[in-house]
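Next up is one chain by itself, shown in structure tokens, the form predicted on its own.
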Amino acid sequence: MEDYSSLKERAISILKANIKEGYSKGLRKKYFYVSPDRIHYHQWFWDSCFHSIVMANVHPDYAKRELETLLSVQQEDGFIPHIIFWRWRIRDRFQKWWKKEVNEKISRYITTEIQPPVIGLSLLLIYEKTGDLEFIKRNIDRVEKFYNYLAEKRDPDKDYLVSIITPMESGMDLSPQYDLPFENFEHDPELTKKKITEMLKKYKKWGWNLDKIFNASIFDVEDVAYNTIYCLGLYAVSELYSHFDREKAERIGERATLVNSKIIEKFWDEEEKIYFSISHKDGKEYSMKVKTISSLFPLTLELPPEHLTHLINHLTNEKEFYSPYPVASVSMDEPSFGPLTNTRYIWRGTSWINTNWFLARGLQKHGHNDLYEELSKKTLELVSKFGFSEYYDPLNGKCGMAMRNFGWSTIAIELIDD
């Protein structure tokens, strides 16, 4: 196995090689960020959050600049986009989901979707690694404003859980659980892709008006992983405010606890002993009963002991998630498991480093140190053997059509025990 110090050097060198820096004439702002890889040129929300976590160890100034670049395009209502096109290229005109409700000068440079709100956790980890409270004070209000946007604009039923309106907002794109809201019960990825395209055309026609979108309920999903990350972000923001604003810290902490409780209450399936996302359709709620990596994410939260035991049993079951190269993003006993790395229909079984990182943190949080160390070791062995790829085949570790030198997979080095 490769020496971990060498692995760290490779990770940092990948992030440095993918740095984009300059001045955007369109947005009239300076920018600094790490693109996901050499092909995905632009700044992507949760990718940047992961990059900043890794950079905080060795280049804290880079980590801070990355997050401040991300926050620099925040809209008045708190919205931060999925993608920022700092240098708009002709090929980008083919994107079909431009944000149109802001002035035209900016709308061609940002998308209308959101991504998993890792930013609160990133801010906390930067503070833990640097101790720079002034940086936190300078940026935390904007981060809180984004979480307020989610609470105010993305919770139409006011149950403290956030709804996503496209599969892409989950960050897990064509995960087979998202076949169900489109009534694709045979789990044909081509059909789901077609349905998404039809949906985006309608959204564009409606000007991405959230009231119209939620009323239509084409895709209104309370996703387990998204809401877990939302909850973790709230806890992180609360902890940061505790250093200088006790009142805000308590208020946000109370909201995080409510979200945590609602995740347990609404998503837990007593029969399957696991968590499932919920789809809203025509005023009714439907449990999306496909076991995916999203179902395991509450491992990172405060849980009833019996829930924790069941989740760990699912995680470590070699017929479900604990593949030879774990963790499979879809349970291997699901009919929708696969195709894997021979196509671009990813998140239908492939293993990912960023989700491994979340689950490892959950195991450590709950004192399952042996399993934490085992999963960490397997994750590090995966990147040592096959490189920092976008994703991996859970059965043989190969990368197939995955992008190479992929930024967020460098978060594996956070699992190295120093």
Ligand code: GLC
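Please read these numbers as outputs of a predicted model, since none were measured by experiment. Numbers follow the displayed sequence, beginning with 1.
This next part talks about the form predicted together with ligand GLC, which is not shown.
Although the partner is absent here, I346 lies within 4.5 Å of ligand GLC in the predicted bound form, judged by heavy atoms. Interface residue remark: W44 is counted as part of the site for ligand GLC in the predicted bound form, having a heavy atom within 4.5 Å. Although the partner is absent here, D173 lies within 4.5 Å of ligand GLC in the predicted bound form, judged by heavy atoms. At a distance threshold of 4.5 angstroms between non-hydrogen atoms, T300 is out of contact with ligand GLC in the predicted bound form. Partner contact region in the predicted bound form: 165-173, out of 165-173, 189-197, 274-282, 235-243, criterion any non-hydrogen atom within 4.5 Å of ligand GLC. Listed residues S329, Q115, S295, T341 were compared with ligand GLC in the predicted bound form; Q115 is the one with a heavy atom within 4.5 Å. Contacts to ligand GLC in the predicted bound form (heavy atom within 4.5 Å) from stretch 10-39: P36 only.
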